[in-house]
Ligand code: HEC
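Just one chain is shown here, as structure tokens, and it is the form predicted alone.
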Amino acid sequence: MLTVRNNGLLIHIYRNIFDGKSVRSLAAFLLLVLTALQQPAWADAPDGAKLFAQNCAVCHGETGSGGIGVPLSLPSFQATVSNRYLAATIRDGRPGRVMPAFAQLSDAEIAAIVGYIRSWYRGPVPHYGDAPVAGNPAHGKQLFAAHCAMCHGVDGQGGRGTGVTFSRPRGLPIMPPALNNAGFLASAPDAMIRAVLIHGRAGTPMVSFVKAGLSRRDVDDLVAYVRSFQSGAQTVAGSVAGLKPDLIVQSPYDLKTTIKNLTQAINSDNFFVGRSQPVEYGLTTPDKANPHQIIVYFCDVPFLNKALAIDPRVGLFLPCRITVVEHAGKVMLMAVNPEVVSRLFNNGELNELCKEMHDRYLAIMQEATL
């Protein structure tokens, strides 16, 4: 395919195929120009595979087989979700859960990711309208308590945790999703929820409720009850507005004394100190590492396991650490604010734990500088 980049190339093409007399040559020239002018748009089309690898594979697996996230390549999943649902899920995420909102992606990029996800599936892609399903939510609540709450939670809050190692058996392919989540309810129309209840999802604990003995009317009642969650659905996992990205406390002591005090304060708060090392450790030779910049690593194993069970991505900023820096005659203790980092993970339960971590960090730093 020829790409037209400048007028000089157009003149070159013209001279080669148009002799000034032939209408056929002129038509061929115009067709070539029009085709070439469209090429840059095609050439710049988003790469769905690349975007998936960059944004989705870490949770959903390189081939969509799942892990922390839903197994997207599962045929029974693909058979019941529409492209519109997938796009809305990527755009808005699941507030309060692990799935983030990818607001930074363009519509074209999201469409490319959806197209790549569909490349794993050869069956018909479902389409759903927006018409509500007429059902009895009161009866649906009774059915939900009997058939759904054991997996999805009494109030539709979903399964707890995300990590395969810490939160669920390795053989369980998916954590039960939160049905009372604003992101889910906004992206899943009633007809889609109904289809999932009728057909189930082979390869997951989600069974066909029709095969399990419920009537179609019962299914409609369940849909109506799930939709009733919308009025109280969680919409945000928390905002970073007003939160400082770091914690900084100035010490009245010299570097050596401050580190000694910090170690004692860490131990008194039921942490154990792992190690202390220069910030530049591993980045240069030991003799060139700046001795006035020291990181102190510490950990509370039960607390660590609790955090990893809620969301294994907290491993990105664990074990705990506080940096002590001596500069221009001042000694400062510094740490990343766990509350701010937590907001990036879109997990409300983790927010509470990281608030506790923030308070413990601050108490340790203040004790070390009394």
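This structure is a prediction, so every number in the text was calculated from the model and none was measured. Start at 1 and count along the sequence shown; that's the residue number.
Although not depicted, the form predicted together with heme C is the subject of the following passage.
Participant: So heme C isn't shown here. In the model of the complex, which residue out of V133, L86, I295, A111 has a non-hydrogen atom within 4.5 Å of it?
Facilitator: Selected option: L86.
Participant: Here the chain is shown alone; which of P137, P126, P100, P278 has a heavy atom within 4.5 Å of heme C in the model of the complex?
Facilitator: Comparing distances to heme C in the model of the complex, the residue within 4.5 Å is P100.
Participant: Pick the stretch from 259-267, 71-79, 243-251, 286-294 whose residues have a heavy atom within 4.5 Å of heme C in the model of the complex.
Facilitator: Among the candidates, contact is made by 71-79.
Participant: Are C59, H152 and P176 jointly within 4.5 Å of heme C in the model of the complex, each by at least one heavy atom?
Facilitator: Looking in the model of the complex, the three residues C59, H152 and P176 all sit within 4.5 Å of heme C (heavy atoms).
Participant: Look up in the model of the complex whether A191 has a non-hydrogen atom within 4.5 angstroms of heme C, and give yes or no.
Facilitator: It does not: once heme C is placed as it appears in the model of the complex, A191 has no heavy atom within 4.5 Å of it.
Participant: Check whether N55 has any heavy atom within 4.5 Å of a heavy atom of heme C in the model of the complex, and answer yes or no.
Facilitator: Although heme C is absent here, N55 would touch it in the model of the complex, with heavy atoms inside 4.5 Å.
Participant: Does heme C come within 4.5 Å of any heavy atom of V226 in the model of the complex?
Facilitator: Taking the distances in the model of the complex, the answer for V226 is yes, it comes within 4.5 Å of heme C.
Participant: Would you check, heavy atoms only and a 4.5 Å threshold, whether H147 touches heme C in the model of the complex?
Facilitator: Within the cut-off, so yes.
Participant: Taking only heavy atoms into account, state which residues of 200-225 are within 4.5 Å of heme C in the model of the complex, ordered by sequence.
Facilitator: Sequence-ordered list: R201, T204, P205, M206, F209, L222.
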